[in-house]
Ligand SMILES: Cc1cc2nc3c(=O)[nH]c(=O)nc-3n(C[C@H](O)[C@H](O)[C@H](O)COP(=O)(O)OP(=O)(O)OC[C@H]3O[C@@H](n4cnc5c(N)ncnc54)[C@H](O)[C@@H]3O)c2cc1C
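The chain below stands alone and is given in structure tokens; this is the form predicted alone.
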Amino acid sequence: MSAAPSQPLPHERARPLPPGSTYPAKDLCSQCGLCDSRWVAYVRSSCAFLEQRFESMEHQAHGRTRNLDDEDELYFGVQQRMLSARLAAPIEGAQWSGIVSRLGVRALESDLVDAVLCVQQSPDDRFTPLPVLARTPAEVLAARVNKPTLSPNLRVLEQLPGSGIRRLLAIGVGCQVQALRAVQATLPLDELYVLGLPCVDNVSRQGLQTFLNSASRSPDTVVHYEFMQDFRIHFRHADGSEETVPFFGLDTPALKDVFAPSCLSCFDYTNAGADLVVGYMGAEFGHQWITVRNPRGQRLLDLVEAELDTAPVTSRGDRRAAVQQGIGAYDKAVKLPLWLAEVIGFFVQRFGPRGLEYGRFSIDSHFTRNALWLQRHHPELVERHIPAFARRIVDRYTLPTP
């Protein structure tokens, strides 16, 4: 629980950085929005790219740190339970079945919170994020569908003082949640609930267009997309049609440098500081993966669990050889002909890792790639920037010479 301070704190005297300023994390800045609020005074102790604080954050949020000798916690973080689910009655227009949106709606309808921090889209562009403090179910539903670009969610913290909002549900990705947890005690709130999304490989709006132009048959009509457990990218177009492209068919040379440096140096794929995490990475295709990290997360899940078709998480296959081969292929920026990519995709989809093993495949692939990127671009950060759990995972593989 947080309460408004009785005396002015540094953040109340601070002002956002002026337009055009260089943010403290410089090229590693994920544009989380904290520096665009009066909480900029805390940036050096809260920014995920200036100071990694996983252990203290986990202890603060969950009462303990993850057990590195437990494979599930090593990979997926502190947890009380994991399950696979989808809404029995999906929300029309949602990216998948709409669990995150339904949670936001139910949190308001049940009077658990006064507002939901979520991300709508700019009226001028479907992929330009517009963070809001939603106070009605309609405003929450207007935020359905992911915006796979860097988003200044924490900018709206500036609106809290004087707003009457005392209980907040914040929806966000790992870097945003790390900063939010670091300043939580200074926020003018009585209650804060955090609903986390797993996240890797965001891009700038320009970078997103480069990706869409390279990967989709009709980049200007894409409504949303996701890299899914069947090793294909699923695009949904404005006319309702779907398009899928095998991971292995991407133009890697064109896309290798399109992802944000913040994402290439991040090790919080599974959103370690959230109370509840909803994504797809550890579930079978067609379902969402849900991780309850603490009692507050269970309280959130209680809002919608009766509306879900649930199943236990499963795990099949062995990711390790595929990860090791992928390290070299990515490093060399290999581009396969489409016919070969389809063949490889067919066999990997049929015989490759599934469920939690797919989640570990994705984590291993990104952690090894990011460790190598740091070694090459920011060797001075490697020792203090790669957390212990990520280092243990990366050490299982052989990386190319930096």
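As the structure is a computational prediction, the values presented were derived from the model and not from experiment. The numbering used is simple: start at 1 and walk along the sequence shown.
What follows is about the form predicted in complex with the ligand, which we do not show.
None of 137-145, 69-77, 310-318, 182-190 except one has non-hydrogen atoms within 4.5 angstroms of the ligand in the predicted bound form; the exception is 137-145. Taking non-hydrogen atoms only, Ser101 approaches the ligand to within 4.5 angstroms in the predicted bound form. In the predicted bound form, Ser204 stays away from the ligand, with no heavy atom inside 4.5 Å. Although the partner is absent here, Gly326 sits far enough away that none of its heavy atoms falls within 4.5 Å of the ligand in the predicted bound form.
Mapping the unseen interface onto this chain, Gly279 counts among the residues with a heavy atom inside 4.5 Å of the ligand in the predicted bound form. Contact annotation: of the candidates Ala115, Leu154, Cys266, Ile171, the single residue with a non-hydrogen atom within 4.5 angstroms of the ligand in the predicted bound form is Ile171. Comment: the ligand is not present in this chain, but in the predicted bound form one of Glu284, Glu158, Asp302, Glu226 has a heavy atom within 4.5 Å of it, namely Glu226. Scanning 188-219 for heavy atoms within 4.5 Å of the ligand in the predicted bound form gives Leu197, Pro198, Cys199, Val200, Asn202 in sequence order.
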